[in-house]
Ligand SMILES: Cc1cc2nc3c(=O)[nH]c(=O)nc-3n(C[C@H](O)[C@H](O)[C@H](O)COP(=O)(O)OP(=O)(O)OC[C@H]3O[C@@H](n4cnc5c(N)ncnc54)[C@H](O)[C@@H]3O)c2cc1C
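One chain comes next, on its own, written out as structure tokens in the form predicted on its own.
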Amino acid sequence: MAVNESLRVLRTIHYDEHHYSLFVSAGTIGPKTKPGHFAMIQAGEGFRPYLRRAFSIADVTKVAGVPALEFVVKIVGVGTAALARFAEGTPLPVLGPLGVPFPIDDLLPSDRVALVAGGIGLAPLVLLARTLAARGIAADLFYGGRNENDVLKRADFERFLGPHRCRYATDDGSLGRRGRVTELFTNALAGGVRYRRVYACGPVAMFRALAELLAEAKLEGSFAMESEMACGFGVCLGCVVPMVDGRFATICKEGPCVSPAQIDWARL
């Protein structure tokens, strides 16, 4: 059950002029959060921005011993820019945890899974990596971005999963392999690696290519879909995606984590 509460800003870490991590007190949301959940955050008072913004809950951690929620944010507009400026101690209205999380309860210690991230799509995979590591489930990370600055939280992923399980790709070759992250994943499959399930978050182009790869390889997947939304609980209908059964699903209620086999990629 989601709750609406005021959480105070604990810390903001800026990676560069476009990316930052916002840490807020966990409140009662933290203990309820599972990998893949998201929250709606009010980015300020007044009419600009007027609506809350949806963010994946990147991690449930601690800041100076205080339980905290982490949100990894890319500045793309008024709301994300405003959140970056709030001083420590500022109260923020937060609604969460929301949505359908990643399916992980059925995983066995003998299973091996893959995490595929594109750009800011790393966000929901941080807590997933932490949770899988705590359960002793082997996970390989495939993470791509336009350049090295787009590939965030590498130290956390390598700490949770092990450096040897983290592979990177960038468009300009500034980190890891030059090219697309789906090429890294394709090479792993070609090398004979098999996965119980593939978890992913990133841009639609990456999702579409990865969905095709999973269908060809007959692999299960769970994609954390991203969409602009105004409410977070299925009322505004601003986050719908077309499904193979002909209907439209609300990502905030039936997702964000959905099977790629259920999505009609030709209509998306």
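On a predicted model such as this, the values are computed, not experimentally measured, just so you know. In case it trips you up, residue 1 is the first one in the sequence shown, and so on.
The following text describes the form predicted together with the ligand, which does not appear among the structures shown.
Q: Considering only heavy atoms, tell me if L175 and the ligand come within 4.5 Å of each other in the model of the complex.
A: Close contact is absent here: in the model of the complex, L175 is far from the ligand, nothing within 4.5 Å, heavy atoms only.
Q: Indicate whether the ligand has at least one heavy atom within 4.5 Å of a heavy atom of A123 in the model of the complex.
A: Residue-level check for A123: yes, a contact with the ligand.
(Q) Residue-level question: is E228 within 4.5 Å of the ligand in the model of the complex, judged on heavy atoms? (A) Yes - in the model of the complex, heavy atoms of E228 and the ligand come within 4.5 Å of each other.
Q. Would F223 count as a contact of the ligand in the model of the complex, using a 4.5 angstroms cut-off between non-hydrogen atoms?
A. Although the ligand is absent here, F223 would stay clear of it in the model of the complex, with no heavy atoms inside 4.5 Å.
Q | Contacting member of I104, L184, L141, V73, with respect to the ligand in the model of the complex [4.5 Å, heavy atom] | A | Exactly one listed residue reaches within 4.5 Å, namely V73.
Q.
Each of F38, S56 and G79 having a non-hydrogen atom within 4.5 Å of the ligand in the model of the complex: is that the case here?
A. Judged in the model of the complex, F38, S56 and G79 all sit within 4.5 Å of the ligand.
Q. The ligand isn't shown here, but in the model of the complex, which of 130-138, 187-195, 165-173, 115-123 has heavy atoms within 4.5 Å of it?
A. This holds for exactly one stretch, 115-123.
Q. For the stretch 244-262, which residues lie within 4.5 Å of the ligand in the model of the complex by non-hydrogen atom distance?
A. Only a single residue, P256, comes within 4.5 Å of the partner.
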